[in-house]
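The data below hold one chain only, encoded as structure tokens and taken in the form predicted on its own.
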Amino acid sequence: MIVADPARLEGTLARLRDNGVALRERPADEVLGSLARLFDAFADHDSPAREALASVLPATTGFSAEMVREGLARGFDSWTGAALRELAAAEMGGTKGLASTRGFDVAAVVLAGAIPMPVLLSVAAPLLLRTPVLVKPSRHDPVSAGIVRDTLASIDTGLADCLESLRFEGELQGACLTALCGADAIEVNGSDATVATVRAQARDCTVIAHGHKLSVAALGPEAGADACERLALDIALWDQLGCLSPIAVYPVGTADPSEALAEALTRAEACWPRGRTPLASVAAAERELDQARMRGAKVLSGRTGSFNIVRELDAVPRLAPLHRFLRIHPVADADALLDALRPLQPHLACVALEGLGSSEPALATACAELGASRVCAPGEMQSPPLGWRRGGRGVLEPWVRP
């Protein structure tokens, strides 16, 4: 990983722009074939690519080794080369559509978080449109982008020459941000504040923004006995740090699931231990627990602090300290559930539904109308299909030049 200054960023973008001339002359089916092999490499449990991620992510991100392996399996197993071809067919009409579609001359991608699946997708999408990519890795995961590039280099050196990963110190601002915005398009992942900063600077390039998102679950009276087990998996994976990790559960006119979830999270800890937790997150959790007790809310915690559950007395949204911190918000019925979700509308990513009987299809539609781009069953939240229309947009469509 190279630490960049503005001059290096500008030089790298210029080199990638030059390399893009040859890339755009390559047949679209050839590029798709190489990227399909890249996806197959990460979908294979025994590949050097998967093993590299499983080996280095625990030390660099703080996740436990057991959790990393489970998370990689849940995220990558269905992201095969065949799935990539299906995505290209669905959004671009296959190789014929890719061949006739113009991407950007050069792009930049600003990554966030510590989950590797979005890294692969953020790199592959512009390359499939034959757009060279400069990646700024997340400070929480400085390694995944490099592993993706090394794996691509073992498959197709020419395509790998159209991908570079450069890290720069400090916040995304100043001369480095100005240099990065020299790309024709920039994808920015991160907080709403980060997105706003990039939009303000990127006056002459297309911005593809993925701001702050969150997910929740709702359980109805007909939820199966194993629903809490499956939700515990969704909570435990990636220590609740992804946009598809549920931060709250809404029991709809049913019994309190707090005890069952506590037992399930205890079992999850035995299988996939919680990783390193920053002191600031520990302190935030303690403050929230103290305030919950003062409100008279029910609090359940793991013996070693491995999880925290707060059963609230109302459905008012509150701070989510993450790292397996869950709030239970009881609601009387489906209408009350939708009322509770409306304040989350600008940030809603996924809603898991189970046990809501004949009203479930209508609720799924209503959740989608509120902005949830993924509605699924508990246990499936962390395994979106490759073609998931994140934020309601296609994977490849934003990379088509207007």
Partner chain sequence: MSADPARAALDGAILDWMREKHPASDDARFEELALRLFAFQFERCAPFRRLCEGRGRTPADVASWQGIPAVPTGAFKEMELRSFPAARETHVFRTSGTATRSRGELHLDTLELYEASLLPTFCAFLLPDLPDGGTLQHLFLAPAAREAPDSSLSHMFQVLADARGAQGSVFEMDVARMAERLAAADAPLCVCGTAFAFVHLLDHLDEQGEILALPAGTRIMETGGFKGRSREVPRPELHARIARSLGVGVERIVNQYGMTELGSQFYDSVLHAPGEPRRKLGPPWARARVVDPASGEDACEGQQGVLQILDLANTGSVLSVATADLGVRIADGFEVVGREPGAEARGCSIAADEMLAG
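Numbering follows the first chain given and starts at 1. All figures in this text were calculated on a predicted structure; none of them were measured in a lab.
What follows is about the form predicted in complex with its partner chain, which we do not show.
Enquirer: Does its partner chain come within 4.5 Å of a heavy atom in each of Gly33, Lys96 and Thr131 in the model of the complex?
Expert: None of them does, since no heavy atom lies within 4.5 Å of the partner.
Enquirer: Name the stretch, out of 40-48, 24-32, 343-351, 370-378, where some heavy atom lies within 4.5 Å of its partner chain in the model of the complex.
Expert: Stretch 343-351 is the one.
Enquirer: In the model of the complex, which of the listed residues (Gly75, Gly220, Gly103, Gly242) lies with a heavy atom within 4.5 Å of its partner chain?
Expert: None of the other options qualify; the answer is Gly242.
Enquirer: Of the residues Cys271, Val282, Ala175, Ala200, which one places a heavy atom within 4.5 Å of its partner chain in the model of the complex?
Expert: Selected residue: Val282.
Enquirer: Is the gap between Ala112 and its partner chain in the model of the complex 4.5 Å or less for some heavy atom pair?
Expert: Result yes; Ala112 sits at the interface with its partner chain in the model of the complex.
Enquirer: Test of understanding: in the model of the complex, would Ser191 fall inside 4.5 Å of its partner chain by heavy atoms?
Expert: Looking in the model of the complex, residue contacts with its partner chain include Ser191, since a heavy atom lies within 4.5 Å.
Enquirer: Is there any non-hydrogen atom of Cys205 lying within 4.5 Å of its partner chain in the model of the complex?
Expert: Cys205: no contact with its partner chain in the model of the complex.
Enquirer: Evaluate Ala255 for contact with its partner chain in the model of the complex, applying a 4.5 angstroms cut-off between non-hydrogen atoms, and reply yes or no.
Expert: Heavy-atom contact with its partner chain at 4.5 Å: absent for Ala255.
Enquirer: Of 145-160, which residues get within 4.5 Å of its partner chain in the model of the complex if you count heavy atoms?
Expert: None of them.
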